[in-house]
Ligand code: HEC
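Below, in structure tokens: the form predicted alone, a single chain.
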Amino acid sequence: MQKITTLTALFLLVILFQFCSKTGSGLVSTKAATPIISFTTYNYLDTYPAHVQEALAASDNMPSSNPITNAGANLGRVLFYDKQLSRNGTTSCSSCHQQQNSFSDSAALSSGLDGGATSRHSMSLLNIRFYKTGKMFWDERAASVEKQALQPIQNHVEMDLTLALLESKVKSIPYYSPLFQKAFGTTLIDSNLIASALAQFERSIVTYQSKYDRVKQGLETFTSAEAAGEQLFLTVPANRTCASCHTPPMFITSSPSARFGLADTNDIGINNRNNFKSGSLRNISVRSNLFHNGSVANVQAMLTAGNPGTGKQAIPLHFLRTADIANMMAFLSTLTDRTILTEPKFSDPFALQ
């Protein structure tokens, strides 16, 4: 009887260990997932169409000290999707910046590793390389993409690791040493190199395969509604057009004609002035919960409402008539690049494990 009792207890302990490992309650599985691309690199050095390349030459924030390489961006991709880079192994950068949602989140506020909500809507990572100043976050508090990359990892709601613990975790995972060797020529692993790899991957996420791009290359033509919408975007109202803050062809600028403000009593943005960074409008037609607080359901709601959100907008949209709205929507839909939503080189390397 005593032998049976002992065996039963051991069996229950094994079951408990397996359950805890799966639920992330503190015990960690001894089997680490291996990326399906661990040593196979994709090409991240795309040749962009002339209109995109011209914009890049004028606004590129990539520093000479951290140029994009295939091996570096490949490592960045693995780091970006690796949930082991959080305190309890449940959250990664991709948890809030989801490829299928244009590297943003379909929720107004994202969920952190313990279920808590982030303080702002997840800003899309599309075309961040074209934000000339390089400043990141809605309030531009990070001076560069490299500086931004480590902040969510240290954030108590999001991933909740100290940099020392981050380095220790990455060093302990077998597949990282050869990836760092290939990317940087060293097996040294530290937070600076982690940030560099993440920044390379994030800067490589560029949209250039939309109808808009094909039109600018002379491969297609706009419909009459799309052409009318483009003219509205570029010229109306004369004193402060949409394009003055969302400059074509990437529909982003770090030097807008006026800072955009969406009144929010709980968040006063850049330098406490109720202003916020303007992101790229690429893929805006397939994104939801817009602005820093996610308070506007989608671009249709923004155009229809005129003054969306909780207070007066810096740029009123009352100049848009019903027909204008339909034309503007038609034009904005041409900015959608669906390729980037499924392209393997931007996808989760752990997805098939």
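Remember, predicted model here, so these are calculated numbers, not experimental data. From 1 onward, residues are counted along the sequence shown.
FYI, the form predicted in complex with this ligand isn't displayed, but the following is about it.
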Using a 4.5 Å heavy atom cut-off, which residue among 208, 138, 130, 176 comes into contact with this ligand in the predicted complex? 138
Note which of 196, 84, 253, 204 lies within 4.5 Å of this ligand in the predicted complex, where distance is taken over heavy atoms; exactly one does. 253
Testing 182 to 190, 217 to 225, 110 to 118, 168 to 176 against this ligand in the predicted complex with a 4.5 Å heavy atom criterion leaves exactly one stretch, namely 110 to 118
In the predicted complex, residue 159 touching this ligand (heavy atom, 4.5 Å): yes
Since only the chain is shown here, I'm wondering whether residue 78 would be in contact with this ligand in the predicted complex (any heavy atom pair within 4.5 Å). no
Is residue 101 near this ligand? Define near as a heavy atom within 4.5 Å, in the predicted complex. no
Taking 4.5 angstroms as the cut-off for heavy atoms, does residue 152 touch this ligand in the predicted complex? yes
Going by this ligand in the predicted complex, which residues of 225 to 246 come within 4.5 Å of it through any heavy atom? 233, 240, 241, 242, 244, 245, 246
